[in-house]
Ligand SMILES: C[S@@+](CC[C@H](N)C(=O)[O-])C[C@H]1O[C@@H](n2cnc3c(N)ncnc32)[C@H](O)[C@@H]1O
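Take a look at this single chain, the form predicted on its own, given in structure tokens.
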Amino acid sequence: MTTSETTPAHRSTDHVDALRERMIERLWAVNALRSEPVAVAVRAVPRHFFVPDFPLEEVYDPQAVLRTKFDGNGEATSSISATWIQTLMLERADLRPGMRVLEIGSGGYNAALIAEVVGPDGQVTSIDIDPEVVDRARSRLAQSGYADRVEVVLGDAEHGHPAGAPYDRIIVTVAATDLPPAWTEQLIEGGRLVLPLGVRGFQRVYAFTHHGQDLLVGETGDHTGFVPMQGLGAPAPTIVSLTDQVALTTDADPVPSPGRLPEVFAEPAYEERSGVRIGRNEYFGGLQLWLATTLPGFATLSGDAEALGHATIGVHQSPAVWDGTGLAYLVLPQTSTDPDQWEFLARGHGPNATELVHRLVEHVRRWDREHRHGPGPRFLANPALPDAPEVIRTRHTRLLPLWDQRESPQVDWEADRDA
């Protein structure tokens, strides 16, 4: 092994230990660590061995995503996820000693954490489609002493890894938009599948439990942003340009009258205020997911504030509805400056804009009344679910969102006051 001032051998052990302990304290404080076995794993695995080219302060920042490979457009195709989301997903997986675990998406560090929790009697397999990522993961695991505890294999995770099945747990560390049948088939009855799942454009962490032959019951969790899957499971949404600055993204198949979108968007807008307001630092991802799972014809509209007709904050993807003749979408104009406050406002274009806008506003108000302070939905996933307006179809399965008020612990960075 070559050495330099940036390799692990030349980093102060005391400094690394101090940074790691500070990270662990912060993870406990924000509820991203919830059990002693996972905390012990974080303390045991030298994270800096897996990303030696990054500064230690960044490596041990629990919120830092360490992007390690990019495509020709500068988009990340591989990364070491932020520690908070790694520990959160391990906690939601409910790992136990002796378990057989399949990790989808290889970086090395997360697999080493899993190996620590399941112990010497467990089995950890990590699969990735990128030969370069596989080689790097194998090298880093060997360097950090985990070569005999983690098997890293090359392959398309759409098929899982039948040679190591069945698994007690499957943990997916790349963004999926579907649940391939191989994952369910290779998961034991009662096993858990934890993954970042994109549902109509909005990605959150889900923990599914396997019930029966093809049924998965999932609980939603925190919003996150993983790099997308590659290979057969790569997302393939339809994107329609409305102008040079605005585009509609949808998973509708087929998209109704896509050629009409630019001319409809150019028509004068009808607007209706919702009366639902939020503060500057208030998270409204729950509203986005509520609309995505309850509005027929749901899509997302992306564009800058001027192009969408109103100044807006924090909305990179505006919830929208397109039915082939009319378009409606949400914007978030500021209503007062002391304290900072914004109000959801719906805009619409086309002959039925009034109806679509009113429908969108009523959904926002219902969210405010019934779901604003509750958890996200549970999901039933089964390819045999019947056709119904509330059932979301994907390539491999069907998802039924079930909204209720059960408690679900979330990560709270406000608790980390010194961060």
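Residue indices: 1-based, along the sequence shown. Model, not experiment: these values are computed from the prediction.
The form predicted in complex with the ligand exists for this protein as well; it is not shown, and the discussion that follows is about that form.
### Query
Which of these stretches, 242-250, 345-353, 151-159, 186-194, has heavy atoms within 4.5 Å of the ligand in the model of the complex?
Looking at the partner contacts, the answer comes out as 151-159.
### Message
With the distance limit set at 4.5 angstroms and only heavy atoms considered, check whether 103, 129 and 174 all reach the ligand in the model of the complex.
### Response
Yes: 103, 129 and 174 each sit within 4.5 Å of the ligand in the model of the complex.
### Query
Would residue 326 count as touching the ligand in the model of the complex under a 4.5 Å heavy atom rule?
Flag for residue 326 set to no.
### Task
Determine whether any heavy atom of residue 224 comes within 4.5 Å of a heavy atom of the ligand in the model of the complex, and answer yes or no.
Flag for residue 224 set to no.
### Query
Can any non-hydrogen atom of residue 228 be found within 4.5 angstroms of the ligand in the model of the complex?
Answer yes; at least one heavy atom of residue 228 falls within 4.5 Å of the ligand in the model of the complex.
### Message
in the model of the complex, is there a heavy atom of the ligand that lies within 4.5 Å of any heavy atom of residue 322, even though the partner is absent here?
### Response
Output for residue 322 is no: heavy atoms all beyond 4.5 Å of the ligand.
### Query
So which of 81, 125, 300, 293 reaches within 4.5 angstroms of the ligand in the model of the complex, heavy atom to heavy atom?
If I apply the 4.5 Å criterion carefully, the residue I get is 81.
### Task
Just give me the single entry in 107, 286, 218, 180 that has a non-hydrogen atom within 4.5 angstroms of the ligand in the model of the complex.
Contact with the ligand in the model of the complex is made by 107 alone.
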